[in-house]
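Given as structure tokens, the chain that follows is alone and in the form predicted alone.
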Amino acid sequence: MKVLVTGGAGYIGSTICSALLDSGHVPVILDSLVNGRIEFAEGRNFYKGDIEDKELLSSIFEEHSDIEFTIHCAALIVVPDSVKKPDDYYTENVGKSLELFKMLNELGCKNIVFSSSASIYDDSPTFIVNEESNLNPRSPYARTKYMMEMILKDFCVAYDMKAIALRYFNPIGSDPEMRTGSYIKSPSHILGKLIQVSSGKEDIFKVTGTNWDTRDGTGIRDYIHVWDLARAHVYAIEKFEIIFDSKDCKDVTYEVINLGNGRGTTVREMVNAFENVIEKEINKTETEPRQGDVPGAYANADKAFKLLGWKTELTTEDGIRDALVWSDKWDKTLKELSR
């Protein structure tokens, strides 16, 4: 199948494109390169431009009239930035996605897989959330994802479209073949911070908050290898019609599926796993929680197995190892590019 992938030159989008290619599908990438990397699109069907560019979208579908699905990954994703610049996030993530969905409907591409986020969930006393759990998006970024889910659901009802919203938990690692990976210069996520400290780019890793009501007092998250995440998108398009015909699917046009490993990992456990992989301790300290920090949650991923036949295959340690290999490779790539 041929698939339009918006944001296909980004960390997650490019990995999805690799998984599509490995499964015999043909990705067509649309990326503005505001955050994406041109290196991740080399040798692939690539169009540089904005997702709301009607002329470009029309041209893409004229040249690739056999596109059957759109996987919509393009978005701004940094939570602290969304608090500082909510106008950018509502414009890029909501306004432009709305225009994209309108154009896809007009162009006849009515099957969509949407990159959503587990950040829209409310806190759970058990730390486990399923697709029916309460929602409480608490940042502009999270609210944009929530809004787009609601808009997309309404489009499916009104315009004979079908969509699956995949709610990501916390992707880590890289493409195991090292074709693409994370490229944020100053990462704020835990694994990026650990790599920065172990490589000497930062002095100390801060465990922010040690008095949460978790098994060891530190925050808990669900970390999923980005390759497992990418595979789920392949399953989603391959089983799209089967999913909507399934007795386990409650809606005939719109479905939500959690993508996580179903096992929570605390900050201390992640640090221990990282130190085991690198076979040494890193400099670390314990501090108070940051403003806005929450104890966290992890996925009930039963629905993903029922509807997609998907479950995670790679471990947290696999994600750490792949991230370390990729980080070293990317540093060398950047040095070569700067010459």
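A residue's number is simply how far along the shown sequence it sits, counting from 1. Just so you know, these numbers come straight off a predicted model, no measurement behind them.
Only in words, not in the display: the form predicted together with a small molecule, which the text now covers.
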Gly36 versus the small molecule, in the predicted complex: is there a non-hydrogen atom within 4.5 Å? yes
Indicate whether Ser115 is a 4.5 Å heavy atom neighbour of the small molecule in the predicted complex. yes
Given that the small molecule is not shown alongside this chain, does Ile12 nevertheless sit within 4.5 Å of it in the predicted complex, heavy atom to heavy atom? yes
Considering only heavy atoms, tell me if Ile77 and the small molecule come within 4.5 Å of each other in the predicted complex. yes
The small molecule in the predicted complex has a heavy atom of only one listed residue within 4.5 Å, and of Tyr121, Tyr168, Phe240, Phe155 that residue is Tyr168
Taking the small molecule in the predicted complex as the reference, which of Tyr223, Tyr141, Phe101, Trp227 has a non-hydrogen atom within 4.5 Å? Tyr141
Site test, Lys162, Tyr235 and Thr312 vs the small molecule in the predicted complex, non-hydrogen atom cutoff 4.5 Å: no
In the predicted complex, which of the stretches 193-201, 213-221, 131-139, 67-75 has residues with heavy atoms within 4.5 Å of the small molecule? 67-75
